[in-house]
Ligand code: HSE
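Single chain ahead, by itself, as structure tokens, in the form predicted on its own.
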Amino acid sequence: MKEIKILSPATVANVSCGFDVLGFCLESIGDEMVIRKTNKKGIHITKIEGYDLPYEAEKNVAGVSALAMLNDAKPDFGFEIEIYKKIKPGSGIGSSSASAAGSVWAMNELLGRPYNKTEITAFAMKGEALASGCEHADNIAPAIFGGFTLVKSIAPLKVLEIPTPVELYATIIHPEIEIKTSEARAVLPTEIQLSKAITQWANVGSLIHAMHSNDYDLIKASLHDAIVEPHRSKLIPHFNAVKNESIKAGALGAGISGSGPSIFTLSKGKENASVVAEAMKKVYSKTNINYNLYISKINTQGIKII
């Protein structure tokens, strides 16, 4: 192959109780990217549509991750990258990670798959760090592995694939305001109460058990964030109203997607997810804030060739 076109999906990170370690992959939203081999060495971003992003590889998350792989693989050729950006930067559904992961996943295919998913994730984290200020994989991992993932450790990088109950659907509302990941991190406390930490790791453990055992009631009981949400939710207009109305409408739980402003819910079945979508829409339709709404099955494949 000389050229490949891919869909690099949006993702939800943190999943309420799993700050910086849990994430899942969405089916219906993603960036399209074209990556091709070129005789000219190096990484060259030749086209960007959708949003105004830098063409210099060193300043673009897709370029930074691509350079990391290129410097390791040392092929006698280079790559051109075209980015058709559908995920709005700063939306909280993994815009930067879709670009960072997409470029290296596609390059790995064109190189003959010399790297495994964990190694691809490590390259993509270099690009993600450009956007957020630190290397983390809670969005990168589900984009590459698909489904739900838990990042066991960063050094060494260890990603665990978590089974997805078949009837699980996500509903996402994206109010069109921007919250930068770096700003959302700045509002977080550097120390937390032991009692809150105990609550949090109990929720993480029970959520993982619920995913393995297809226990939707336990999923509902576990989707609570005692540490991050109380601080970040203040940055998102009408967050509490959306959360409360979503749960009243039948959602298993609701929380901040990544660093926001998107709000995610999980529901059992597409019908319930659609009812929840109407409840979320009802809250924001009474405001002057524009929004996008998505209903998505959990994408267990991750990045794919189109």
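Note that residue numbering follows the sequence shown and begins at 1. Keep in mind that this is a model prediction, so the values were computed, not measured.
Absent from the display: the form predicted in complex with this ligand. The rest refers to it.
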Practice problem: Could you work out which of Arg185, His224, Lys126, Lys86 is the residue within 4.5 angstroms of this ligand in the predicted complex, going by heavy atoms? | Solution: Arg185
Self-check item: this ligand contact in the predicted complex: Asn60, any heavy atom under 4.5 Å
Solution: no
Quiz prompt | Proximity of Phe19 to this ligand in the predicted complex, heavy atoms at 4.5 Å | solution = yes
Quiz item: Does this ligand get within 4.5 angstroms of any non-hydrogen atom of Asn139 in the predicted complex?
Solution: yes
Practice problem: Please check if Ser296 has a heavy atom lying within 4.5 Å of any heavy atom of this ligand in the predicted complex. | Solution: no
Practice problem: Counting only non-hydrogen atoms, choose the one of 44-52, 274-282, 241-249, 254-262 that falls within 4.5 Å of this ligand in the predicted complex. | Solution: 254-262
Quiz item: Who in 225-253 is close to this ligand in the predicted complex, meaning a heavy atom within 4.5 Å?
Solution: Arg232
